[in-house]
Structures are given as C-alpha cells and as structure tokens.
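Next up is one chain by itself, shown in structure tokens, the form predicted alone.
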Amino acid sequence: MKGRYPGDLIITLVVALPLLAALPRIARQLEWSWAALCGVLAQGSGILALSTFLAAAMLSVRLPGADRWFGGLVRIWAIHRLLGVCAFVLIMVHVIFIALAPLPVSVDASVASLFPPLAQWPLWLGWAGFAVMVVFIAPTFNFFGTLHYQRWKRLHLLSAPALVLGLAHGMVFAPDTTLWWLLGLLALAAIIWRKGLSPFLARKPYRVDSVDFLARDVVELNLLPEGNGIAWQPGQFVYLTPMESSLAAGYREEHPYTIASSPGDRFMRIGIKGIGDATEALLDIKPGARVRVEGPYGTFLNEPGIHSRQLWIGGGIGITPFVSGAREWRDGHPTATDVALVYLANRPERAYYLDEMSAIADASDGIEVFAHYSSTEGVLTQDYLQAQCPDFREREVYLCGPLGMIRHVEALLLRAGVPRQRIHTEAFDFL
C-alpha cells in the first residue's frame, strides 16, 4: 500500500480549499497585535478543523471499487483515523487561540470569550459539536480501554450530529458558505449512504452451501449467491453479515473477511477463525443459512504495476489471501510469474491449508511453498528466508496475519535491506 494515489489529491483539496478560499478575508484582518494575531490563528485552525472533519466523514462512504483510488480500504481507514485525530487536535488549538486573544486584558475576558451568554448560540453550537465528537472519538485514544467492535461502530453514528453542529457553527462565522454547503452535503451524503442506505442497497444475498471444518476453531464457508453475486480478485475481502437470528452472536453484524477462493471458483469461500463472539458463532452456522455480502474491497496482491516476482508470508487466518492467489494459480490465471510462499504456523496441525497449497505448488511451475513452525524452529529469521528464498530482498513482499507477526516480519525485512516500498501488509484493525 505504498506510493501516491489519485484519492490523496482529493483529500488534500477537500482539506485545503476552504482555507485557501478564506485567506484573502483573513489577511485583511491581520494586524500586528496580540489579539489580531490570535484571532487569525483561531480562524485558520477552526477552518482546517472543520474541513478535516468533513474529509474524514467523506472517507466513510466505503464504495466497492472506489477504495482503489486511495490504495485500498485498509489505507482509507488509516487516513480516516488520522484525519479524525487531526480535526480533534485542531479544534483544541482553535479553542486555545480564542482564549488567548483577550488574555492580556484579563482572565475573565478570556473565560467570557469561551463561555459567553447563551444568546450567542452559534458559539455554543460549536461546544455542543465538540462534546459529541469527544464521545465518539475517545475510543481512538483508548480512553475507555479496548472497545467492543460493534459498540465502537454504534458510537460512530454520533459523527452525523457532530458534523451538523460543527457545520452550523462554522457557517455562521465563515462567509464562504457555498463551499461549506457543498462539502457538508457530500460528507452527510457519505454518512447517510454508509449507515442508512448501504445495508439495503449494497449488500448481496448469499446462501451457505456447505461448511468445511479445517481445525477445531477454523471453518471455511462455501457461499453461493442468490441472484447476481460479486466479482473479486485474489487478496480482496468482503463484509459478511449473518442473517440467521438463531446464531449465538453476530446476527446482522458485519465483519470483514478475506475471500479464499479463486475468482473462477463456483463458490465464494471464506476462511473464518473463532477469535471473538461473532466469529465463534459462525463456527456453528449451518448449510442453508442466509448471509449478506458487501464488497469486494482492497488491493492486496492485485495492485497495478507490481513486480511479478513475489514473496508471500502468511500466518494464522491471514493465510487466506494467499490461498486465493494459489487457487487462482491452480486455475491457470496467476497474477505473478514467480512466487515463494512461507506459511507460518505454531505447529503442523495449525497449518490448515498447507496440504492444498503444497499440492498446487507440486502441480505448477513458478510457485513454491515452505512451512515454518514456531514450536520447533522459533520465530522467523533472516537466515530461514535466506535459505528458502535467497533473492527475497529483490522481491515484492506481501505479509498477512496477526498484528504481532506482521510487526516482527516487517522489522526483520527492513533490517535485511528490503526497501519499505516493496513491503505490503494487510491487517484488519477496526474496519
């Protein structure tokens, strides 16, 4: 997920245009006095805070296919979080400069500038929007400890009223209302689509045809579309929503899962490991159960212009994108010409796709599979990679698995001299 993407320019324009439009007006107010300087900085930080908040809201739209403009959905959420944090910090900077402007006069004047009479309602709209924002952005800073995934998502519904309050506050004090109306409507449309319309219009109905147990806590669901299904590429993922009320948990809750099947497969195959209430409940789902699928998303393994010699390193349920890639190889449509796959597992029985992957490698030219067991060999080392794949430093490297594994292997590769731009990772972190 390295490099520049067209979506980066869109984000930059959304954030910068309101400030650029306001600069002539702000410049006319600039005087070499403490109050004037603080006033200009308060206006600038307030405008940037609101435009950054709007850009973050727009990125929540989650349109299948559009995520490629930004380098994939995982990268979009990373940018979304960064923008949210920046908006939060800029609001606090905005408040500080409002308070600092009259401070040389008196502390009372400073307090009054922040907390005026209720008749000055536009300023109180800003405080109300900030208070609502604190509630839904606080989990980003772990104020409340680790938050349950679905509770976190419900808290983010508060972004809509926070956005409306912030817009109302900003449009009173900034005369560039046409631009604010345009950006505000786009941001609100993104939230309305994501939270209100997409559950009914974007999700495709599928049926569980069969359930294959790969291990005690790992299943592969074989899904058939009821109507028009979706098309995907290796490495992409979908959001799956179980529609069976009999499940112990996860009913009507969407969660991201990587597709494990080749694009040419009859079934959409999804590997699931029970690591939480919702995923553990899916271990008991029965054939015939209805689910809804939204996507596909992501650019992992299928970014344009990527070198055809690749090293895949997967562990745990993070092996599934590489299973999809190997199955596509089996079908005679590989996206690369030379692949070395290192399958990381604790012990042989936890390498639940290894037999199939090895059989594909044995029957194909250009793909090799190596198993590494931490219970007997310890953590992955540079010496191991050197022995199995001597040219690993010249390959495009793809990592997928538990976050701890990704951090260890990424650091190992960087120390070994692999350029950062050749290391591609995929990890679902509150998607």
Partner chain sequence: MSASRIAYTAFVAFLSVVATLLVVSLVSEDDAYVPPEKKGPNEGRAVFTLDEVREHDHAESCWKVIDGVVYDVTDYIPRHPSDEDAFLRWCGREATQAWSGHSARAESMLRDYRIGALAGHEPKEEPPAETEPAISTETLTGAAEALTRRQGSVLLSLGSGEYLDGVYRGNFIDRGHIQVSIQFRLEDGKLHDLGYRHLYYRDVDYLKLDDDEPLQAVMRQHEQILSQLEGQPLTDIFRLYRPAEVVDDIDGYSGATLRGAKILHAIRDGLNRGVYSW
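On a predicted model such as this, the values are computed, not experimentally measured, just so you know. Positions refer to the first chain, counted from 1.
Below: the form predicted in complex with the partner chain, not depicted.
With a 4.5 Å cutoff on heavy atoms, residue 264 does not count as touching the partner chain in the predicted complex; it lies far away.
Interface membership of residue 25, defined by any non-hydrogen atom within 4.5 Å of the partner chain in the predicted complex, is confirmed. Within this chain, residue 355 is remote from the site of the partner chain in the predicted complex, having no heavy atom within 4.5 Å. In the predicted complex, the partner chain lies farther than 4.5 Å from every heavy atom of residue 162. Checking 233, 110, 198, 308 against the partner chain in the predicted complex, a heavy atom within 4.5 Å turns up for just one residue: 110. Think of it this way: in the predicted complex, the partner chain has a heavy atom of just one of 249, 128, 89, 186 within 4.5 Å, and the residue is 89. Only one listed stretch (128-136, 154-162, 320-328, 251-259) carries heavy atoms within 4.5 Å of the partner chain in the predicted complex, and that stretch is 128-136.
Along 165-183, residues 173, 175 each place a heavy atom within 4.5 Å of the partner chain in the predicted complex.
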